[in-house]
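The form predicted on its own is given below as one chain in structure tokens.
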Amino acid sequence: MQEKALNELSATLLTQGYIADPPIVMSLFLAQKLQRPLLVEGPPGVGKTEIAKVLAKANDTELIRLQCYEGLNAEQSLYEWNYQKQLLSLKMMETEQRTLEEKEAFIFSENFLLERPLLKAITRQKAPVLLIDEVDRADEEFESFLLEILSDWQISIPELGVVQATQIPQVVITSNRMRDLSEALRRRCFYLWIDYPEFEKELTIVRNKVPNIDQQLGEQICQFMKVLREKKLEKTPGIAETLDWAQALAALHIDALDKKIVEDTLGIILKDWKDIRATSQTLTQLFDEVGVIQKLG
């Protein structure tokens, strides 16, 4: 029964265009079944965020995304009051015969509440997928606050009271390891590490996402990326860059790599000028390592 469920999940992910290894499928399956957050770490561009997107599509539910950044606080992630609307309403009530308590009850009602991602995630009638993206960009204070939300699944709004979760969302937390996360958060989550894909997996992804690509070109692109990632770079390209490159070369009707086309399109896969310069200077060596036999000119 378990094997059947895992196979079904793997097939469902595949229909959404996501090529999942068995550890990814197992992690998603258990996280959903046991209603535990899934912490996904790995280098940029390997498909961490994509997991939440395809999971939401596979479950036919809403994806709610909280993008983390330095300085993110509880108010920005939970809720805010629409102060302009409140002030306007107060102005309009000046001539009305209402007590102060009645006015307060009116302007601090749900009509003036602006839901932010965390409040949205616990008030949906159907459990959504909550993506907490790049949590390592937020500070440790926010991480502690987040841990409390993930434990209790309730939010206290002083003017309205406690809001209990109607459904527990499926939570996917991503991190690029810009800083170490707390042990408390790690213990609360199931953990999944996603690395750069092996050649065969990346080739499968390219063929799935760019079906019109020349077979030889697809193989050369994936082999080139494999060798390139072994070099010392400021910003190592991920799967997203591989797909961008494959789509661009396919659109140009290229059927094989050569030195000129690589030089002209390095800005698609490398996003740092030092990396582009260093790679341009060693293209001949790279081609030798890749094993691409072309006239280098």
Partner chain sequence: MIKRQTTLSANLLFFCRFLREKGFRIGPLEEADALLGLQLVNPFSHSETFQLCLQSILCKSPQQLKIFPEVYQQFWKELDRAVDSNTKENKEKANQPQASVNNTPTINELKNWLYGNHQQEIQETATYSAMGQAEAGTALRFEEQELRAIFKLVKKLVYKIAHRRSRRYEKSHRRQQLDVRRTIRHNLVRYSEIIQLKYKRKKQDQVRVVLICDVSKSMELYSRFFIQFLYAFQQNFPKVNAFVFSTDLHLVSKELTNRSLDISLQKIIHKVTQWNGGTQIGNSLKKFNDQHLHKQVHSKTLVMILSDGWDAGEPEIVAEQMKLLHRKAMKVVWLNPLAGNANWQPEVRAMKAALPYIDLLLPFHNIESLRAVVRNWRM
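Model, not experiment: these values are computed from the prediction. Residue numbers count along the first chain shown, from 1.
Beyond the structure shown, there is the form predicted together with its partner chain, which is absent from this document and is the topic of what follows.
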(message) in the model of the complex, does residue 33 come within 4.5 Å of its partner chain, counting heavy atoms only?
(response) yes
(message) in the model of the complex, does residue 87 come within 4.5 Å of its partner chain, counting heavy atoms only?
(response) yes
(message) Taking its partner chain as it sits in the model of the complex, is residue 162 near enough to touch it, meaning that at least one heavy atom pair lies within 4.5 angstroms?
(response) no
(request) Evaluate residue 26 for contact with its partner chain in the model of the complex, applying a 4.5 angstroms cut-off between non-hydrogen atoms, and reply yes or no. (result) yes
(request) Tell me, out of 152, 198, 115, 140, which residue has a non-hydrogen atom within 4.5 angstroms of its partner chain in the model of the complex. (result) 140
(request) Considering its partner chain in the model of the complex, find the one stretch among 252-260, 50-58, 66-74, 265-273 with heavy atoms no farther than 4.5 Å from it. (result) 66-74
(request) Scan 182-208 and write down, in order along the chain, each residue with a heavy atom lying within 4.5 Å of its partner chain in the model of the complex. (result) 183, 186, 187, 189, 190, 191, 193
